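Just one chain follows, in the form predicted alone, and it is written as structure tokens.
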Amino acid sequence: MIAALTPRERVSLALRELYQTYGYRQYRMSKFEEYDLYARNRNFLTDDHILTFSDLNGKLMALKPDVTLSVIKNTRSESGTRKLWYTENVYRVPRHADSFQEIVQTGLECIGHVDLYTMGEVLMLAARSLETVGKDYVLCLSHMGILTGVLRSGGVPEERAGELLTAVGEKNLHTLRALCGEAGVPPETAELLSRLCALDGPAAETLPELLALSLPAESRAAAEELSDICGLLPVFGEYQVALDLSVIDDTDYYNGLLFRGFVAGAARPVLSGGRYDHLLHRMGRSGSAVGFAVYLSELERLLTESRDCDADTLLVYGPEDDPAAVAAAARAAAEQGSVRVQLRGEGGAIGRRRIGPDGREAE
């Protein structure tokens, strides 16, 4: 049965088994939600386009462009921590695309009490998710508190902070320095932002560099938390982890740990996640939350098998052959592997071996 699955289906099954191993329960949801849920949280979405339709009662509905919003909305506030995994389809316009696409994603959400261990566990599961897809991967880590702490300590106006964060996210040092000059950012703050923007490399090497910088108290606390989380990973195993502070997101929704995953051969990130306490609170929920999504659709080309055969055995029969003999031969071949049965003269199909109903090699 496993051999009959497509590569993407095998990855999806492996991820499901991985998440269930650590006690995450499957969460299923509707394909659509009330449009108002997404209208109130447009800045959280990766794309501003939303497919809508009117329900029979006249209510405006939307095909799901995001999973996390639906999980928060549809899970009751209850004691304890909810650990959930899902495989769902979302409908949105990906970056650099000009039309809606149905995107398959698998991920997990941990909602309730999020401590150091929980963040380490989620980060480990993200790394192992990437490892399931391909051995040549990297999980890039960041922490929102590092940059926001520097901006606050430098007295950067809130209306200018977003521009500076965008420049860091684009690793555009020239624009970052120009914006600092326009906003009247103190020289020492501008220099620190530039150094943080350029900090990028294996976590084991770059974390000591980060901690050696003269950071304001808020940023130092964030950097030390990130270091502590990374310190847990070797207990779980060896993973390919890098530090990259250009991994940022909207401060209205995200706080703390952020990460993105890349796999060789995929043009865009195939995994993204982080801590989103702010989103939880905006939606009237208490506690903390962290999670990530693996974009299986981004892996379509990467996981596509180049098949040189349609089946292990190509069983070729003619009009003169007894159908019962053909059926018996097909059954025998299927017990040894895959088989395609085809009338002689029909082209297009290829098997690793070609036989007739008598089991002998066919021409």
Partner chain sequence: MPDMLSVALPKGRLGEKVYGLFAAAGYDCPALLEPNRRLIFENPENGVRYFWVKPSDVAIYVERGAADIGVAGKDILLEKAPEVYELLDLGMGRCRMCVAGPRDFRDDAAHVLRVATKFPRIAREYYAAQSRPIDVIELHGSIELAPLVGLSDVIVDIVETGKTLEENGLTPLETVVPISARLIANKARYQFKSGEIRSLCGRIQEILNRKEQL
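Residue numbers count along the first chain shown, from 1. The structure displayed is predicted, hence computed values, not measured ones.
Same protein, other form: the form predicted together with its partner chain, not shown, and the subject of what follows.
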Quiz item: At the 4.5 Å heavy atom threshold, is Gly181 in contact with its partner chain in the predicted bound form?
Solution: no
Quiz item: Hey, in the predicted bound form, does Leu213 get a heavy atom within 4.5 angstroms of its partner chain?
Solution: no
Quiz item: Should Phe262 be classed as touching its partner chain in the predicted bound form when contacts are defined as heavy atoms within 4.5 Å?
Solution: yes
Quiz item: Closest heavy atom of Ala217 to its partner chain in the predicted bound form, within 4.5 Å or not?
Solution: no
Exercise. Mind telling me which stretch in 182-190, 272-280, 112-120, 166-174 gets its heavy atoms within 4.5 Å of its partner chain in the predicted bound form?
Key: 166-174
Quiz prompt | The unique member of Arg268, Arg152, Arg160, Lys73 whose heavy atoms fall within 4.5 Å of its partner chain in the predicted bound form | solution = Arg268
Practice problem: Tell me, out of Tyr254, Tyr137, Trp85, Tyr239, which residue has a non-hydrogen atom within 4.5 angstroms of its partner chain in the predicted bound form. | Solution: Tyr137
